[in-house]
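Below, in structure tokens: the form predicted alone, a single chain.
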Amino acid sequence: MSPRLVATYRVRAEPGSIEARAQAIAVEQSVEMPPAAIDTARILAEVVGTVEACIDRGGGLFDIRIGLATETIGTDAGQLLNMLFGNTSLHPDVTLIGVDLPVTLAAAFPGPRIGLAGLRARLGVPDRALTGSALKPQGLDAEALAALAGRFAAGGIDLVKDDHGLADQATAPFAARVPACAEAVRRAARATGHPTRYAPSLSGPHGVMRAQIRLAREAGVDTVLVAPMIAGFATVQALAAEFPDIALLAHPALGGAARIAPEVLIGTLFPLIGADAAIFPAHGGRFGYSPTTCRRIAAAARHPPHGHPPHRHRPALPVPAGGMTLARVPELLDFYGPDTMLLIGGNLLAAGAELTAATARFVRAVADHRPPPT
């Protein structure tokens, strides 16, 4: 019998119904039919989901651990997501809050090919936190976006990424935007001596994204942005396998629509399928994530909870973002620590003509920060 992965669900239910609910989830996420109608002994013993535990959390909430056969997944990241939460996501009182993968299954997925250490090496930043920003707003043409990218890079920032809303719009087509932004960043990097990276946003179906990565690579780009919940898990997995030299930054767009705990979706599953860095909404910004949730996302990205030696995946880089300000840099660094990239977009862009100077202040604030004594 192959080892099982274990999915943990938080379920709201009456105490008297929880055992039946747990069994129903185990069946739904495995064979999706009455076990009594199955006349094959091996399937009943090895494929039907099993209830491993049911824990009363109080207030009508229960944590249910379900064992699922790895043979139902194979090596397909999309099927992994399907078996973890496909049909059960349609029940409004269930949330996926945990995933424990056996070594053999974790090893079937790429994990970060470059990861936190590789990104540090590319940027020549061995110990401090990394800095990043975003090109906005949509509607600017390629020339204007390239000018912004160059001004960010002139301030010494580590990474300039497209806003995730930049796709292949007529105002700034990918084929025009990417070479222009890459050259602007490269020119500024020659002047500063710091190897700033530019990350264009991928969009469209798998074949289009492959072509976009090839175009980006021809422009000297080795980092791209992708939204796994929009592109699809299998697409991200395939891109990671085909382009192991290209760092993938995962954007969380649509991540709140699936009732999967953020530390599971963003911190665990995104890196598992190939993300080298995981962007997530920082507490205190435009979104409602709590400090506890943010700490869990960062910890999960840095410390994969699966794939023990010899198949342990590399740590990914956590990237808190979403309405952060320069004034909060010391607080954020004290909270997240140095193995982090702080992504500040709108607050820097608000500096207008002083964008490069504001970016330089951001970079200095990160470089000069010293954690409080412990």
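Counting begins at 1, following the sequence as shown. Model, not experiment: these values are computed from the prediction.
Beyond what is shown, the protein has a form predicted in complex with another copy of the chain; the following relates to that form.
Here the marked residues Leu81, Pro252 and Leu349 all reach another copy of the chain in the model of the complex, each with a heavy atom within 4.5 angstroms. Val31 is the sole member of Leu61, Val51, Leu326, Val31 with a non-hydrogen atom within 4.5 Å of another copy of the chain in the model of the complex. This chain is drawn without another copy of the chain; in the model of the complex, the residue among Pro102, Gly118, Gly232, Gly98 with a heavy atom within 4.5 Å of it is Gly232. Contact check for Leu140: a non-hydrogen atom falls within 4.5 Å of another copy of the chain in the model of the complex. Proximity of Gly156 to another copy of the chain in the model of the complex falls outside the 4.5 Å heavy atom cutoff.
Contact between Ala167 and another copy of the chain in the model of the complex is found at the 4.5 Å heavy atom cutoff.
Although the partner is absent here, Glu263 sits far enough away that none of its heavy atoms falls within 4.5 Å of another copy of the chain in the model of the complex.
Stretch 252-260 is the answer when you ask which of 296-304, 252-260, 122-130, 175-183 has residues with heavy atoms within 4.5 Å of another copy of the chain in the model of the complex. Of the residues in 42-67, those that come within 4.5 Å of another copy of the chain in the model of the complex through at least one heavy atom are, in sequence order, Arg42, Ile43, Val47.
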